[in-house]
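Shown below, as structure tokens, is a lone chain in the form predicted alone; questions about how it binds or moves come after it.
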């Protein structure tokens, strides 16, 4: 197949590109390199099946020709992180909503065979039930979550109205090699691995008993390919590890001292995907255990040597608007 990945130089996108190329598919990557990194696909660039365009999905005239004769579109380009979305919601709206509109229009014009969207489990907010099913009430707590959900709504509507075969995968707490090492205060693995490398205490939020559905990146990439290969359309599927793990357990696996920072408003005590639907419809199951995944991350600890090293004071400063706007 001829596959196009928006955000293909990013964390998940680069793993997806690698697997697709290994399977013999042709891969086109579109990435503006705002958060993606060229060195994420450096090891792939000698392969004849890979084409890279440094374009922004907001520039429709540039991206639309790239969709010509494409079979599968994997739309992973987007802006993440909570605090920056509170500080600059307009930028998130343009990228995650208008950018998704552009990708859909290009896919429609070029009559692609399948479009798979990277949605976010943050749309559930603080859910009522665990494991959380796809039918749970939508309760976004901050602009990032809302704009990702709005993108999903566009995808499903374009599928319904213009008969583009589409799927939306709601991702839960993806981790693994090539996850972002710099930028805004964000994902716990990036924070903890930099602290581990520099022998600093882990900054655990609250009491550390909160749990997360940590899902290994190659399992997530396989889910995207399974969705593209299937004849299904118009479906929303959770992608999770089929389990959830406390932050205290993660710290135990990583090994190190702890310092505590205040619990944050709008964050759930648990994220835990009900994956029954994707297991039934796509015959997909996670393969990499949490313990094995953490071990792989520790083997690559030096990759976090230049990442920001957070401490309670810098975290307090970085999350000030979080408490200001989301606090009760």
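Residue numbers count along the first chain shown, from 1. Note that the coordinates shown come from a computational prediction; the quantities given were computed from them, not determined experimentally.
Keep in mind that the form predicted in complex with a small molecule is not shown, yet the notes after this line are about it.
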| property | result |
| --- | --- |
| Contacting member of 97, 80, 191, 217, with respect to the small molecule in the predicted bound form [4.5 Å, heavy atom] | 191 |
| The small molecule: the contacting residue among 114, 212, 178, 226 in the predicted bound form [heavy atom, 4.5 Å] | 212 |
| 4.5 Å heavy atom contact, residue 309 and the small molecule in the predicted bound form | no |
| The small molecule contact at residue 247 in the predicted bound form, heavy atom, 4.5 Å | yes |
| Heavy atom of residue 187 within 4.5 Å of the small molecule in the predicted bound form | yes |
| is_contact(residue 204, the small molecule) in the predicted bound form, heavy atom dist at most 4.5 Å | yes |
| Heavy atom of each of 173, 264 and 315 within 4.5 Å of the small molecule in the predicted bound form | yes |
| Region of this chain that lies against the small molecule in the predicted bound form, out of 147-155, 191-199, 228-236, 99-107 [heavy atom, 4.5 Å] | 191-199 |
